[in-house]
Ligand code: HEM
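Encoded as structure tokens, the following chain is the form predicted on its own, with no partner shown.
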Amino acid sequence: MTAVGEESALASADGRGSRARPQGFRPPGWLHPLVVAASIIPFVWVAYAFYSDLVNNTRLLTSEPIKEAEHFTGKWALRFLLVCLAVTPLMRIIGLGWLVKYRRTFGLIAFGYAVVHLGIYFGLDIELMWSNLVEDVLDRLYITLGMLALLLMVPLAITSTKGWIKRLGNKKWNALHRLVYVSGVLGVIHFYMAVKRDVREPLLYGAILAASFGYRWFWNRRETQRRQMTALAR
């Protein structure tokens, strides 16, 4: 998954890592832990809100805290997945090659929120009823798509380490991790179908995803043309 990959493999796999990586500025060592800490703030908040609603009878998560917590974590999973996919275009546009390490970070955080989203749905919403889970997956298309989006992220999260990059090789590893794009599309459709009424937010996410795909297509087309011109010049 390009989204959760290591810098060395990505740089060598696309052949453009050295050009995208500036030689001057390097981020401070505390920046990455700070980003990770900031990324779990939504989880900490929803956990506190859920506890407060159940114990103190507050309404931080409306009158349906389980449903609200389920939707909240699902939206954050999709947001971090989109941020993950936006790293490459942003890195190439503004020339900050060191951002590449954050693709792995944001991809794994997105996976974590997706797992929590599923856990709330399975553990609290349908109360660990496997029969209900199977029925929902078979009968409700948006749940089928959401489940598939999460399942596609599982091998990507597992193989996100340097060890797996060496085992698979850059070519196979990058081919496998392109599944993140499929997961992103399925996630947006899942969100769109789940909302039902006010679809402005899922449409915004769809536009961000489309822009990310559009930029990748433009970049790859330009690089293909550049290589062809270089070959002809020789």
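Residue positions are given as counts along the sequence shown, with the first one as 1. Every value quoted in this text rests on a predicted model; they were computed, and no experiment measured them.
Not on display, but discussed next: the form predicted together with the named molecule.
Using a 4.5 angstroms heavy atom cutoff to the named molecule in the model of the complex, none of 87, 104 and 177 count as contacting. This chain is displayed alone, yet in the model of the complex one of 156, 149, 116, 100 has a heavy atom within 4.5 Å of the named molecule; that residue is 149.
Shown without its partner, this chain lists 194, 47, 208, 36 as candidates; in the model of the complex, only 194 has a non-hydrogen atom within 4.5 angstroms of the named molecule. The named molecule is not drawn, but in the model of the complex it has no heavy atom within 4.5 Å of residue 164. The named molecule in the model of the complex comes within 4.5 Å of a heavy atom belonging to residue 67. Although the partner is absent here, residue 71 is a contact residue: one of its heavy atoms lies within 4.5 angstroms of the named molecule in the model of the complex. In the model of the complex, the named molecule stays beyond 4.5 Å of every heavy atom belonging to residue 96.
Figure note: of the listed segments 27-35, 167-175, 50-58, 185-193, the one touching the named molecule in the model of the complex, with heavy atoms no more than 4.5 Å away, is 185-193.
Residues of 72-100 lying near the named molecule in the model of the complex, listed in sequence order, are 74, 75, 77, 78, 81, the criterion being any heavy atom within 4.5 Å.
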